[in-house]
Every structure is written in structure tokens, then in C-alpha cells.
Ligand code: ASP
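Given as C-alpha cells, the chain that follows is alone and in the form predicted alone.
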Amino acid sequence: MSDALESGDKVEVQWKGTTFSGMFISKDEKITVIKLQNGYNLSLENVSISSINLISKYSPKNVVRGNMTGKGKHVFLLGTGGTIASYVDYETGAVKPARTAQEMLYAQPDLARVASVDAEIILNILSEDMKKSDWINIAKKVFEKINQKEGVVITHGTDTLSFTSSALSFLIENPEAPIVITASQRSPDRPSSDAFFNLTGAVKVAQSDLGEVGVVMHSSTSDDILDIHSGVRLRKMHSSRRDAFKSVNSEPIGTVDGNLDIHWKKYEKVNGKPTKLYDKISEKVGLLYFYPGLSEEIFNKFAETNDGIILAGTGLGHISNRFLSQVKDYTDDGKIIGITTQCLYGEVNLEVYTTGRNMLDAGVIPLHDMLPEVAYTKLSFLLGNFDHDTARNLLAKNLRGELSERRTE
């Protein structure tokens, strides 16, 4: 009978003399997986299963073809892969991305408590495989949906999330509906997963008046509060903790509590101005971390390959003086070189030491407290959509809150 079963069917399984009841998830040549009522997934070897009996067919009351009808406003859920949209392969133990939008919604039935959701997967990759062209494709789909005054939630892998959130912040100007990105450090199939709270909170924020790109993630290791970060102000600060993401040189723009109530601080609201999509990005921008022993050969190849370079310098924004003559040659040739700090907290100041003043003379642009990855995505955006002089002039100016200055509420 198990061959005719579909995901979501309620079943009773006899396994080694023990009866288990739950929701059928999947079956392959070796393993059958069911979800127990306590939320745990149970992986059973087929050779030890004596029978699987259908109790009731899955009758989707809320989920139909990637749709979920529930309370609240309508939200569009855009899947790009990552752990939050992944499931455990019970034969290998590996985590794999969900294949369909309906698979994402099967795992998140509680979303119906807070919203009506349409879902679509446009990418099925881990975030380390994300390319600049993927940012453009995501931005186009988001632009299409927010033009319908519909908030968008993007599920994403954690490792390069801050690059994507920054890129979308620049590619979509004056969004007329919320753009919210969320992720999880742990798979939805694991008891300690942060996926459910993160996604539900993100869907709630997507129904607000947020007029910028926000990122919703755990504020602590407990399931008590979520931080809403600006898309150009956050970084993943821990490899595995559930509260890995922190706002840098800025406070979170808001929080979501355990009751899913939003508590705003300072944030950009939908302002009614025309929304604009920028659909180009330069592939000839690179991010280079300076380190002791960096060879001139590597630096020169890097500079020759790119039209724009973001340097993550030491301390107040320094690199070795032995590179300054090459830097000046490259800036004289029209290349744009911006400097950030590897320290992350604090800002670049090239006026303090001789090295910094020499860098200014060589044409390097100090980028204050902008994060390296934000500077990288910003310069890629600028050189893809504006002429060289405009890009150079805008690089150190605040466009989306990426630099510290007074923000409007």
C-alpha cells in the first residue's frame, strides 16, 4: 500500500512489533519516513516494516499547488534554497534543498495562523553557490510581487545571506511593500531548528509597512525574540549558533516577540515614491582582504581583472605602503578602489596615520563604517547601472542606510 501513499497521508506503521502513527513523508528503496504527532521525524528500515496502513488521505485545507490560505494579509514566499528550505536525507544524513514550493509549505502549516501564502522556488541551491546573476533574478521576481503591494519573504542560506540582502537593497529602490529575508541555522526536521520561528516572524514582518530590505533571525539562542536587521547592516557572526546574525555599527531596526508582535525602532517605512528596479550588476568588481605577505603579483592580477576593488584593510583602513604606487597607477587608469576595515566595528579613517594619508593621495576612497560585503555589492551595483564618475561619487554616499547617519523614522 505504501507505493500509493502521498506526502501528508496519515498512516499506521507496524515495525518490529511496534505500532507508529503519523504523517507519511517519503519512501525510497531502503527507508520510510513518517512524522510523529510530537513533531519528530522517524526513519524506519523497509525490511523491518511488516505493514503500512492508510488511516486517511491528506486533504489539503490550506495548501493547494503551493498556496496556503490563512489569516492575515497575502504574502509571497520565494524559495532560493538553504537550510530553512531543506530536509534531511534519512539514508545519508545529508541536508538537501526542498524540490517544490509545496514541500516548503508542508513543513510550515503554522503559517496559516498569520498569513495567506503563495510560494515559489526559483533557485534550489546552497547559498555558497549564489552568483551575482542570481541576485538579479531574485530582484526581478521580488519587484514583480511588490508592484502588487504584496510583501515578499525570501528563504535563503545563511552563509552568504548578507551579500544577497545588501544586493537587493541596492537593486530595488523605494520598495512599495516589505522585502524580508530569513534563514535557519538548523534544518526544519531537527528538534532544535530555528526555522519555524524565523519564518513565521518574517511572514509577520512582510505584512507591515516596512519600506526597506529586512532580515529576520533569532536574537538569542532561545525561541523568545527575533531581531529585524537592516539588509545593509548585518553579518553572520557565528558558524552554528541560532543567534548568529548581528547588526554591526547599528541597532536592529526592530524585534518580533514570542507572540509575533512587532516592536519597531528606527526603520524606513513605505514612502509612496515610485519603486525602481535596477537589473544590471557588474561582474568586474572584487573584494580583497589585505594580509601580511600579500604578494604584489596577486594584487596586480586582482586589480587588472576588475574595474572596481573593495579592499578590506587593517585597523583604520590600511594596506602596506609597498602597494601604494600600484594603487595610484590603477586609480589613474580609472579603476575605483574603496577601503573598508576588517575590524567590522568602527570606521575607516585615513587622516590619522601617514599610511592613510598616502592612500588618500593614491586615490583610495574611504568607506567609513560600511561593511566589506556591503561595499562589494554596492560597487557592483553602481558600476552595473551608472557611468564611472557617477559610480565613484556615489560609492561613499549613503543610499540605503549602509553608512551611519541619521535615519528617518
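All residue numbers are counted from 1 along the displayed sequence. Here the structure is a predicted model, which means the values were calculated and not measured.
We do not show the form predicted together with aspartic acid, though everything after this point is about it.
- Here the chain stands alone, but in the model of the complex its contact with aspartic acid, taken as any heavy atom within 4.5 Å, falls in 151-159 among 151-159, 311-319, 324-332, 264-272.
- Just one of Thr200, Ser184, Asn306, Thr164 comes within 4.5 Å of aspartic acid in the model of the complex, counting any heavy atom, and that one is Ser184.
- Out of the listed residues Leu287, Ala112, Ile121, Leu126, Leu126 is the one that sits within 4.5 Å of aspartic acid in the model of the complex by at least one heavy atom.
- Put simply, Gly82 is close to aspartic acid in the model of the complex: some heavy atom of it is within 4.5 Å.
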